[in-house]
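Next up: a single chain in structure tokens, the form predicted on its own.
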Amino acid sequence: MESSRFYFFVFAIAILASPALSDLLLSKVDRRIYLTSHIVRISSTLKVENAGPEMVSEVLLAFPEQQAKNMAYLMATPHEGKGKVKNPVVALPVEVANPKDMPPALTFFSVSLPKGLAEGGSFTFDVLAVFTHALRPIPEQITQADIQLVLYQDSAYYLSPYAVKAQSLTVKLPDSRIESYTKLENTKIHGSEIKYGPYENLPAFSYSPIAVHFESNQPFAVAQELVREIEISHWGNVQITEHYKLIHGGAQSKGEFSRLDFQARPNVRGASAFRYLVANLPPRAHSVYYRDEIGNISTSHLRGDSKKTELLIEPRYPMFGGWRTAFTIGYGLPLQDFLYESEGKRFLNITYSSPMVELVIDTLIVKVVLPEGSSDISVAAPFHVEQWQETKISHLDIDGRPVIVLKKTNVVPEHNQYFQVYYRFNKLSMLREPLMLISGFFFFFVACIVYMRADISISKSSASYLAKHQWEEVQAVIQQVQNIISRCLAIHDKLEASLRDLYRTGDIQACKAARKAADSVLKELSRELKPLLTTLQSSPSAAQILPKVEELVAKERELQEKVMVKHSTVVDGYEKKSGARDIENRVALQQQKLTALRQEVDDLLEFIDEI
């Protein structure tokens, strides 16, 4: 508070030392300050008179430098008295002015009058000034259970470079709960209104600081950044996508948060928090969605009529002072409601700002995505914006879509006015994407037909095909050799089984019959094996594996001979009536050799099978 008083003291000295401008005077000033939300609006009705001989065509408006920094919107319009038919509002031109010999603590704007004001003439007009971040939370930090108190500072006198004959000020508050306010002469309070004045015959640059400290639990919703993308499709739709980075701009929350207390008594244990936001969408909005990084947020309600579509959204948690959230809103609009054609050019006519109610936007970026092939692009906006062009590559694009980017800072709901984007577009360009799809599917099916009907196998006369074919023949022959060897081993097993039966039954004739049958089969298998070996020996592809195959055949023949010798020895012993122990001793060494040979044959079969 002490720094504020010092600021006002220095400011008062500066303006009191400033000279008056021209012979204009303000015969009546009626000023109204609306503090019902965190956006401060000052509406002033000024009646200006020319007391000098020279023609006057403009009127200067003065604002303190600190107040001018927070100014988001300024508009002047001719005043229409009560009872008169309301005509469409035509704003008067307002520009920044730099009059000479004025202190730097003041910022001036000039309002151009509809026609020159002659001596003795008068003109009445209204001025609307909108300010953001003009309410300062006092205290700056509060707990969940505290109410939010804010401070507003201004002047009871209208600050003007002209003398003022009569003036009054009305301060409108959210409710009647006022912590404190500056009391001056002719100060009255009526419920939620504080009235100062009337004051008469005040000189130029009169200034009387006032401060109002009051309760305000209105949503201090501030979008630190909003990226709004408007994508035009000539197939009948305008798609709007809005990315919000939101913060509660009121008193910072301190201490712990209790959701139980908040849900039990939200108006007491969370009076300063806001739980929902309202967006007024165009009347025929469709395909509306609301989501954040986690996914879709179901706590939203949509209702509409012929005039508007109202979207009520709730964040995932109540927003206390300093808390942040980020989310995205998207919806579609009928193209015919916003796209028009004039003088061979098409133009988009749509609102610039956010549809959110009472939202302050620190930085607003609007991206208008035009169809690919658009040219001769221009923008008409009702206020100054930064502008540049980008390119967006989307599905089925070749060169990309031109994107007009419009950027503005310190945006308030009054900026939600219509702007236009003009461009030329050839109707034949609309056929580009369908033709690309048709061509893509056509060539795809042609490729499928060619693939199914064409012979893409390797030529039978090529070296690679012949080598592959020869190797396949070698593999087939080796498989037959393996089968024959396996059958031979099976016969060996049958002979061993006949010997076991001999030990058990003593039937020599049955054992000889098994031997005779085995000899017959083994001879047949030997005849089948000879041409196979000849084939492998004549094939160059079998050069690497042939030694192993020949070794396998040799080992099998040696094994076959050993099996026959063992079989003959055992049968002879039984015929000579030798004892069982004597027979076993005679064939023990032979059995050891048989076991080793059988293992070698099995190893060779496994090795060849792996190859």
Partner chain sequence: MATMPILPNMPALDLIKSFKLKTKQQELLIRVSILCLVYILAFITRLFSVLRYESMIHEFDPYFNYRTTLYLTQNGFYDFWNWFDYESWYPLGRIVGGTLYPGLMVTAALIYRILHFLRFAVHIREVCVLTAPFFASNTTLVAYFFGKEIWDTGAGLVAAILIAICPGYISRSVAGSYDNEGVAIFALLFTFYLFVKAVNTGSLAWSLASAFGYFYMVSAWGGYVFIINLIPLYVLVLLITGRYSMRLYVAYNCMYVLGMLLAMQIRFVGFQHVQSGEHMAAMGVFFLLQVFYFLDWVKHMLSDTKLFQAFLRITVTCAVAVGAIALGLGMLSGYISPWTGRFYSLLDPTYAKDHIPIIASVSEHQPTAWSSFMFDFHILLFLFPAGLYFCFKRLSDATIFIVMYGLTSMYFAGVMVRLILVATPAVCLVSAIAVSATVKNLTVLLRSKNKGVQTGSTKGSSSSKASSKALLDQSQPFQKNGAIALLFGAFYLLSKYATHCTWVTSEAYSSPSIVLAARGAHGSRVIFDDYREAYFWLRQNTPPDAKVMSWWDYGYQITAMGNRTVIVDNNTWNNTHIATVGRAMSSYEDEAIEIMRSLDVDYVLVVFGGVTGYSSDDINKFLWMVRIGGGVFPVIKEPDYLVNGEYRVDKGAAPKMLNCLMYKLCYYRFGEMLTEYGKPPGYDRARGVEIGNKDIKLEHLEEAFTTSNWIVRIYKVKPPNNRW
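In this text, the rigid core denotes the largest set of C-alpha atoms whose superposition between the two forms falls within 1.5 Å. Positions refer to the first chain, counted from 1. Please read these numbers as outputs of a predicted model, since none were measured by experiment.
Missing here is the form predicted in complex with its partner chain; even so, the following discussion is about that form.
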- Message: If the criterion is a non-hydrogen atom within 4.5 angstroms, does every one of Pro103, Leu151 and Tyr276 touch its partner chain in the predicted bound form?
- Response: no
- Applying a 4.5 Å heavy atom distance criterion, does His395 contact its partner chain in the predicted bound form? yes
- Query: Does any heavy atom of Phe338 come within 4.5 Å of a heavy atom of its partner chain in the predicted bound form?
  - Reply: no
- Query: With the cut-off set at 4.5 Å between non-hydrogen atoms, does Gly295 touch its partner chain in the predicted bound form?
  - Reply: yes
- Message: Given that its partner chain is not shown alongside this chain, does Asp23 nevertheless sit within 4.5 Å of it in the predicted bound form, heavy atom to heavy atom?
- Response: no
- Item | Partner-facing stretch of 508-516, 359-367, 339-347, 310-318, counted where any non-hydrogen atom is within 4.5 angstroms of its partner chain in the predicted bound form | 310-318
- Message: Only one of Ala118, Leu437, Leu466, Ala145 gets a heavy atom within 4.5 Å of its partner chain in the predicted bound form. Which one?
- Response: Leu437
- Message: Quick check on this chain: which one of Arg259, His79, Lys183, Arg424 has a heavy atom within 4.5 Å of its partner chain in the predicted bound form?
- Response: Arg259
- What residues in 465-485 sit within 4.5 Å of its partner chain in the predicted bound form, counting heavy atoms only? Gln475, Gln479
- Item | Tyr34 C-alpha shift between this form and the one not shown of 2 Å or more, rigid core reference | no
- Message: So that I can tell if Val48 moves, could you say whether its C-alpha shifts by at least 2 Å between this form and the one not shown after the core superposition?
- Response: no
- Hey, does Ser498 budge by 2 Å or more at the Cα between this form and the one not shown once the core is superposed? yes
